[in-house]
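This document starts with two versions of one protein chain, written out as C-alpha cells and named structure 1 and structure 2.
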Structure 1
C-alpha cells in the first residue's frame, strides 16, 4: 500500500493521484516523482517554442493533479523524441517515455485538442497491425487527404520522386507470421486493459 492510498484527501479527489498513475503507466521506472522543476528540459528542447507548456510546466500540472489541463496540452504531441532533455535531466527522469504515456492517456480519454498527431499514430499502427510492416504510401495518402489536403499539390513532385526512385512502394508488404503477430497483439491489448 502506498502512502497516497492512506491519505484521505486522495480518496476525495482521484486526480491527486495523477502523478502516480502517469508514473505507473510509463515504461521502465519513470522517476517522474524525482523532478525538481529545474527547467533543464524546456531549455534543452528544440521544439519548446511550439508547446503549450514546457516539459517542466507539464510535470508541475501532473503533480498538481490537473489532469485535464495536462492531457489536453499539446506538449507531448510536439515532443520530437530527441532525448536531449533525457540525457541532461539531473534527476534522470524518463521524460520522453512520460510523453508517450501522456499521449496514450490523451487518446483514451479523447482530451487532445488537435487530431492530426493522434490520427497519424493510429493510422501508422493500424497499418502495422494489419501488415506487420509500416506502409508509407497508404499512410501518407490517408493522412494527407484527411489532414493536409492543401499540402498535396506542393507535395506531388516529392511523392512522385519517392515513387519513381523506388523509395516508396504502392503495395504493402505483409509478414508471413501476421496471424501470430495479431495473436500476440490481441493478448497484449487484453493485458493492457486489465492493468
Structure 2
C-alpha cells in the first residue's frame, strides 16, 4: 500500500509524488512522511558539518518535490550509516535507509556533483556481485587510479604493510556458494524492476 492509497492528499499534490516515490523505493517502511522537521537528525549526525543539506533540509526538499536538488545533494554520500539519527528520531524515520535509496536514485539518474562516491559505490557493488565480498586491493587501486592517481604512491607503504601482514590479498577470492548469491541478487533485481 503506497502513501497515496493511505492518504488521498498525496494524490492531489504533485509535489508529494517525489516523497511517495522515495518512500516506496526504500526497503521496509521508511516513515519519511512522518518527519516533523525537528532537526534531531542533523544535530545527531557526526558528518553534518560536511553536508550541503542536513537530513531535515534534504527531507524538506523531497517533500517540496525538488527532485534534482535533492538527488544532487552530497548528503547521502556523506552519511556514514552510523544510525545515530535513526535511534534519536522521535518519529522513527528510517533516515539511513532513505539515504541508501537516494544514492541509488542519484546514480540511476546521474544527478550528483562529484562522481567519486558513486564510482566507489558501483565498484564495491560490482566486486560483491562477482566475488561475494569486497576485494580491498582491487577496490582501492581502481578508486585511487581513477580519482586520486597522485595519491597512489603515498598509499603504497600502507598497502605493502597490509599485504605483508596478510590483512589484504593481492588477488580476489570468491566465496563458496557464489552461484547461490548470484541467484539471490538476480531475484532482488527482478523484484526491484517490478516496483
Partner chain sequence: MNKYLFYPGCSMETSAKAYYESLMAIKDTLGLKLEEINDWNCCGATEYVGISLTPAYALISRNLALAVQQANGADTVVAPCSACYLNLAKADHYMAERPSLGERVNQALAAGGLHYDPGTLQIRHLLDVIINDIGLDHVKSKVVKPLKGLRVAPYLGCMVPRPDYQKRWSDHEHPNELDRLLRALGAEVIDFPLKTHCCGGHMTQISPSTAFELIRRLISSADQYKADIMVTVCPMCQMNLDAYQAETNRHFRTNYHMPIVFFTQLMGVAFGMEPRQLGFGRELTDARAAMARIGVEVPEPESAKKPAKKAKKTGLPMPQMPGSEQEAAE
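Superpose the two forms; the largest set of C-alphas matching within 1.5 Å is the rigid core. All values derive from a computational prediction rather than experimental measurement. Positions refer to the first chain, counted from 1.
- Structure 2, rather than structure 1, originates from the form predicted on its own.
- A movement of the C-alpha atom of residue 25 falling short of 2 angstroms is seen between structure 1 and structure 2 when the two forms are aligned on their rigid core.
- Superposed on the core, the two forms differ at residue 180: its CA moves 2 Å or more between structure 1 and structure 2.
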